[in-house]
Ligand code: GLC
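For reference, the chain that follows is the form predicted on its own, supplied as structure tokens.
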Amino acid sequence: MQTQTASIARSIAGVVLALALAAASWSCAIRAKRSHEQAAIIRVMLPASERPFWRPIVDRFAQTHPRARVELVEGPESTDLREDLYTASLLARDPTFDLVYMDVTWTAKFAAAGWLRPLDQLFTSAECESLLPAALAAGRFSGRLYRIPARTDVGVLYYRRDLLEAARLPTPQTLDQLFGTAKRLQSPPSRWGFVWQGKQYEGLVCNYLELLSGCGGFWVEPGTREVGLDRPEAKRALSFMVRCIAANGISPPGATTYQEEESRRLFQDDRAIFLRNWPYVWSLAQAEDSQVRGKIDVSPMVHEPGRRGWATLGGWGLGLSSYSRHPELAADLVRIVISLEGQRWLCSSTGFAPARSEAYRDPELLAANPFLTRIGALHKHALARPPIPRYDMASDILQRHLSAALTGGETISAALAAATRETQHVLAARDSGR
């Protein structure tokens, strides 16, 4: 109950903050353009850094829809802040945003609240089948489609191919092989064996889920709501993470503070042999000033013997607000985004992984990013996070207890037992309507 009360308080605080930020960020722009309201306007909020890559998409929409236009609202870079802004708008039944640019984990929460319009009747089966199956499936909730993927992510294990070849060592496949190879080749503190995202945030959950699945375990089974954290498989996965950062381990003590960029910089600066991260790292690692340019390769995440490696599914997609005044026009904009041309505009210069299956065979995209052939293969074992309405609360529980185990605040058994109880409570509260 204490966890739930704290979460509700955080949600209320987030909404209040979001309302204030929303009023400051878009009210002036909307008032300034009242004279143009005779033309339909499709609005979507994006992080400021992505706006340049969407401009060709907006221009193409203008060519095909001369009596309508798209307004890209500049949002904060923080995913949490953008979620708060969207939540505030949708709670108020505000039609400001026609499309919701969504993280893969938002679907169940937004759909369960009634904030998103089902897309099954707006997109044909052929349009849906053109997209990566796992990325499309992540947009479904209770059997209906609410989110169309625009770009994707999958977890990747990067490694120093040159160092493994020089030592005549094979690419690790299992947890023990990764630990042994990293231990043999590292020379800390100048070069560590393995860096990853161990800070208490969503990235820690993504790292853990890959290991958990590679050990044959699961977090939450969506159909039955069974929680699998207090099982031997879950303990073995967390034990590996703890072992990595323990004394005489293969990860720096600071790994419990790392997000994507801290771990990437260490790897790219020739200070790590293995790195778990996302596809965007590849293009940065091949830049002229990179110390690992031409020296790296990728593989699926390691696993236990007899099992297979998994890649946590990430990415961004588009949902249609239930309060949009122009749903058909908004759907047309989505069609441009997921077209082959739209995927080229969005992914060729960014290193983003496309959502369209055909894009992984496209000569233009492959010329810009040859790495796509590897990412396409990893998508076959993409692992979606559980599509539950209270995902944010379940994730917060798991993050806290994983972090406590990694930093020595709880034993592995105690952390996972507590995470199991608290997650079961959250799921039961949802089912009882509390």
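For every residue, the number given is its place in the sequence shown, counted from 1. Only a predicted model underlies this, so the values are computations on that prediction, with no experimental measurement involved. Whichever C-alpha set is largest while still superposing within 1.5 Å between the two forms counts as the rigid core.
There is another form of this protein, the form predicted together with the ligand, and it is not shown here; the text below is about that form.
Contact with the ligand in the predicted complex, judged as any non-hydrogen atom within 4.5 angstroms, is confined among 123-131, 289-297, 91-99, 195-203 to 195-203.
Contact annotation for the candidate site: 104, 260 and 316 all lie close to the ligand in the predicted complex (heavy atom within 4.5 Å). Residue contact check for residue 79: one or more of its heavy atoms lie within 4.5 Å of the ligand in the predicted complex. By the criterion of a heavy atom within 4.5 Å, residue 153 is counted among the residues contacting the ligand in the predicted complex. The ligand is not shown here, but in the predicted complex it comes within 4.5 Å of a heavy atom of residue 385.
Interface residue remark: residue 219 is not counted as part of the site for the ligand in the predicted complex, having no heavy atom within 4.5 Å.
Taking 278, 345, 240, 141 one by one, only a single residue has any non-hydrogen atom within 4.5 Å of the ligand in the predicted complex, and it is 278. In this overlay on the rigid core, residue 253 has a C-alpha that sits less than 2 Å away from its partner position between the shown form and the other one. Core-aligned CA deviation for residue 376 between the shown form and the other one: less than 2 Å.
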